[in-house]
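This document opens with one chain alone, in structure tokens, the form predicted on its own.
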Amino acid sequence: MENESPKIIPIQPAPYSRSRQAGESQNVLDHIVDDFQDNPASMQYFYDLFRRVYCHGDALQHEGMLVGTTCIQAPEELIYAFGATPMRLCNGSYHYDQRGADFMPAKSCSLVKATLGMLSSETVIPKIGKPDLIVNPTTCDQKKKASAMIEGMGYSVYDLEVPSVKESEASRVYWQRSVRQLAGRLQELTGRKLTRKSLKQAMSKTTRAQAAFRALHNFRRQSPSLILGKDAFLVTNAYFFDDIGRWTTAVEKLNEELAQRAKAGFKAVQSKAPRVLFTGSPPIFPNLKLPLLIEESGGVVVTDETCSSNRMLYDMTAVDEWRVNDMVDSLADKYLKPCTCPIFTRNDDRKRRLLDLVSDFNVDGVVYQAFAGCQVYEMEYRSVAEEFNRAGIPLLYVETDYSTDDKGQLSTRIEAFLESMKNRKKQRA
């Protein structure tokens, strides 16, 4: 008995629900659900979805091959047409941001760092499995350089070449060729042929989703607001990874509830709550820090111009000729012509779009978020600020990252900004 060696009890890995990234998501989701009154009943679908995926780490099922994308410029209709499922990989987790900082420059964009941090992690959340291909549009310089790093992690990457300008016919032809070449790569990947029928079916999926989003977008025009911006951002963020059919059905139910709210004269906020347009670097769950601070402080985000919400689903495809090549070219036009991303050399369309949103949504002021290291948004800010200044529209510029360390300082700035808008409205009255 004395010679018996002691039993070694293996250390069991902690469940995902007790990990840092799960805790981060749980805290944000609890805040979204519990700390605001009168949440729409139809939002429960989205609250439960994020809880399952981000807090519990449930695996996501998908049809066919999985094609990850790093930007909204990747035409998802093409991916659906080849029987695969698109999944947007952009990430908003501070945990993954810190992981990405281990091998990315310190001044890199938080979004790029977090995305690479997620892809390099043993526990990739959302739990999607290894993508069969990652389509990486060559938009900003950091995403371009990230391509080789993603390949170094063992992923298959396709660089979708995006032109630097969008106004010229040459850039349009260049982009159409890029999209056709992507179709060729997807055909190699899946072994399927692109047909008129499959592309039309794919377009009908996204058209229905876009119609549901458009309806939600229009409900947000209502004054006083029927729904808070934190819920609108959660809905559009769910589109990154949710099944498109289930997502669309859930948004349609939400729209039905908002229609009932409008009939009943329901108010999600006080009548005098400052109405805010949110633009700049995209809010991606769980980094909804700035929209939440705005609405905690008594404002309401009534619309946005970001690639994680409005810009993602607003524009639809217009097809002139229902032949495969013409349909692909029309699809390419849909992703290039209306795009208001600041990666292009000129941003006149973007400034016009922002001013239209201010007018259409009766906006009192604009909050412009720029992630530290996000050069395209940092560089274009001055021209956007000058445009708003000429129009007499208050603007708050916020340079931040995924950390929560600056929440106190930001809260003070936002409260002061909202108070200035209230005073401005009183003076006008």
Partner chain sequence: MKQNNSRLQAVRDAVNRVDLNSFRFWLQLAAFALFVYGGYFAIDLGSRLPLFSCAYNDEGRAAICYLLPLQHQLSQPWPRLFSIASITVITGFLTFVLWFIFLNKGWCGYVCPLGTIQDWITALRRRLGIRYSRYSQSQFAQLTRVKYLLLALMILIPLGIGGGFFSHDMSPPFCLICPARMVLPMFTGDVSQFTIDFSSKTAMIMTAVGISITGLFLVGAFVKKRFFCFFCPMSALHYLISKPALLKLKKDGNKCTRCGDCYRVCDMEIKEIADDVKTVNIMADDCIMCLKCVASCPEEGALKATFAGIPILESTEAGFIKRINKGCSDGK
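Note that the structure is predicted; figures quoted are calculated from it, not measured. Positions refer to the first chain, counted from 1.
What follows is about the form predicted in complex with its partner chain, which we do not show.
Peer 1: 69-77, 127-135, 300-308, 347-355: which one contacts its partner chain in the predicted complex at 4.5 Å, heavy atom to heavy atom?
Peer 2: Going through the listed ranges, the match is 347-355.
Peer 1: Which residue, 177, 196, 253, 267, is the contact with its partner chain in the predicted complex, using a 4.5 Å heavy atom cutoff?
Peer 2: Going through each option in turn, the one that passes is 196.
Peer 1: Only one of 121, 248, 317, 139 gets a heavy atom within 4.5 Å of its partner chain in the predicted complex. Which one?
Peer 2: Filtering the options by heavy-atom distance leaves 317.
Peer 1: Do residue 172 and its partner chain share at least one heavy atom pair within 4.5 Å in the predicted complex?
Peer 2: Yes, contact at 4.5 Å.
Peer 1: May I ask you to check whether residue 337 falls inside a 4.5 Å heavy atom distance of its partner chain in the predicted complex?
Peer 2: Contact check for residue 337: yes, within 4.5 Å of its partner chain in the predicted complex.
Peer 1: Though only this chain appears here, would residue 203 touch its partner chain in the predicted complex if you measure heavy atom gaps against 4.5 Å?
Peer 2: Residue 203: yes, in contact with its partner chain in the predicted complex.
Peer 1: Hey, in the predicted complex, does residue 259 get a heavy atom within 4.5 angstroms of its partner chain?
Peer 2: Contact with its partner chain, no.
Peer 1: Which residues in 321-349 have a heavy atom within 4.5 Å of its partner chain in the predicted complex?
Peer 2: 321, 322, 323, 325, 326, 329, 330, 333, 337, 338, 348, 349, in sequence order.
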